[in-house]
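There is one chain below, alone, in structure tokens, taken in the form predicted alone.
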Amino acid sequence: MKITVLTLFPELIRTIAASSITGRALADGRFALETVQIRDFAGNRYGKVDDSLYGGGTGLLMQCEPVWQAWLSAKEQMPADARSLVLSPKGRVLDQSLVDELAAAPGLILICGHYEGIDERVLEAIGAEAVSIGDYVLTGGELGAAVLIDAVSRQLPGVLPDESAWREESHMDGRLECRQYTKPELWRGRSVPEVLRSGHHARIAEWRLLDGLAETLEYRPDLFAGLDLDEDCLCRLWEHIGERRRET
């Protein structure tokens, strides 16, 4: 996959993407990342890409032509069916199902707005899909783009050691992950659950399933409401919740 980011701050994207697992994946050629400086297409020697709002109001808006030309330059280097996205608080919230969709795309062009955003006409001409990382407003789209790149790239082949490294995590099947523990076995009077020390793989798998469901019920009841659990599973879950309460 190739991801191209149209931005006023390419150094911000490159710095974040060069770190940790994403950085190793880039170095290994698991995916390609390019940044396009929108100011390079300003059409004036000052690099000005914004102007005041029609109808009045505070702030500045990014103009159509620089964004359009930057997008055309990126589109030429991408597969014909690459998806163009604009990071916007108005967009579809980035959740795991959308991440799965985007990870299957042949390429992504991410458009980062700034100031008061981008002139609507160029977004319509591009056919850009609006994507949001949450119901709040950021200074620009770069941090949202970095989050999207991280979420998508870690699902690409070879980025993580094996598929189970991400398939068993929170949100992958509509529920949260179970509680996790490491050494030492006893820390400040708090012990690792006995079942995780038992070496009994079937019991451990059962505990992890039920504990993940219990975490979902406690922290994300909205997700829990959408799960299709049979009566037997629910009975075992209530027993597990009772055991959790006795632990504390």
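This one's a predicted model, so the numbers in the text were calculated from it and none came from an experiment. For every residue, the number given is its place in the sequence shown, counted from 1.
Separately, the form predicted together with a small molecule exists; it is not shown, and the next lines address it.
Residue in contact with the small molecule in the predicted complex (any heavy atom within 4.5 Å), chosen from Ala128, Ala74, Leu108, Leu87: Leu87. Of the candidates Leu138, Met78, Ala151, Val159, Leu138 is the one whose heavy atoms come within 4.5 Å of the small molecule in the predicted complex; the others do not. Against the small molecule in the predicted complex, the set Cys112, Glu116 and Gly134 is in full contact: each member has a heavy atom within 4.5 Å. Partner contacts here mean any heavy atom within 4.5 Å of the small molecule in the predicted complex, and among 151 to 159, 174 to 182, 87 to 95, 100 to 108 they occur only in 87 to 95.
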